[in-house]
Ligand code: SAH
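This document starts with one chain, in the form predicted alone, laid out as structure tokens.
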């Protein structure tokens, strides 16, 4: 029997146990952080007895303490582990420790304070993402458990990072699955409409409250640097360009011409503002990516370098067949725009798309067009998006750079 009592005092309250079925602790002991509803001993600890976001002590079928977690009885992932040390229950102190550890990594990796500060499970903060834009933080809560800790999260961030302003960007659709409302609100200070993000020799103007995700895709920074290495004198096409992050850095690196395609008017406006502020000349095209690729082909346009960085086409496992077909079509449309010896960067942020499936999509496209594709570089998410080795879901971004040539 564990020495941990049935309830643990915290801030004058109790943390009840959540018991697992026999052998269901093995994945957690290997390092994973999730408990699925079918792993819970609901006869002993009914999930219906808990409220969304409630803190519990997670215990094995033999009543051994496994760690502290929060519960959501409404979702398939019924609990997420917050910590394994019985001396550190959920609360501000634990959050301060987590943020200090996360900050130490980013300060080792980056010379300026522009990065993802906290990356959910990979930083042992399941359900929480925090991006840093100098003195401004944008935080995104995706679970009921983190929503319950909202005020403690803010207090811990203020203590560790000392920001001038914090924005809650809690508008992800996943919150609806968690049973919590979507909203965007200022947590503290005055959040500017735009922030400036320096990267690759370009100072980007990025919208926060009205932007996608937390405003900027820090996860692609290493891949943008990779593309810029090959951009000099190239005719470059940036598809799903958002604020022009790939294209504008290619222009700064000496691309002969750059065309950015996106369906969002506000994203292209941000790209235009960045281009003007940095003295860069780019062509901005608004429209559906598939339609625009076909139109460019009809106009007999050719490029030396094409980047396709679409949103996740496969958000759930059941979306896989349709999403895979979309990736295959997208890569074929992009490849037919490449000149005789061109480069294609094909990206996917769909966790449910295996790396081999994306490379296979490019290979199929090359054979269909009678061309030959050579894989010359493999990219992934930038290091401020670390991977938890036991939580494969944290490894989500694929990026493959191909050389595509005509065959004889």
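The model shown is predicted, which means the values in this text are computed figures rather than measured ones. Positions refer to the first chain, counted from 1.
Quick note: we don't show the form predicted in complex with this ligand, though the next part is all about it.
This ligand in the predicted complex is approached by residue 289, whose closest heavy atom lies within 4.5 angstroms of it. Proximity of residue 99 to this ligand in the predicted complex falls outside the 4.5 Å heavy atom cutoff. Interface membership of residue 224, defined by any non-hydrogen atom within 4.5 Å of this ligand in the predicted complex, is confirmed. Within this chain, residue 110 is remote from the site of this ligand in the predicted complex, having no heavy atom within 4.5 Å. For the residues 115, 303, 327, 217, the 4.5 Å heavy atom test against this ligand in the predicted complex is passed only by 217. This chain appears without its partner; in the predicted complex, the one residue of 147, 123, 262, 178 with a heavy atom within 4.5 Å of this ligand is 262.
This chain is displayed without this ligand, yet in the predicted complex the stretch 308-316 from 308-316, 184-192, 73-81, 164-172 comes within 4.5 Å of it by heavy atoms. For the stretch 215-248, the set of residues having any non-hydrogen atom within 4.5 angstroms of this ligand in the predicted complex comprises 217, 220, 224, 240, 241, 242, 245, 246, in sequence order.
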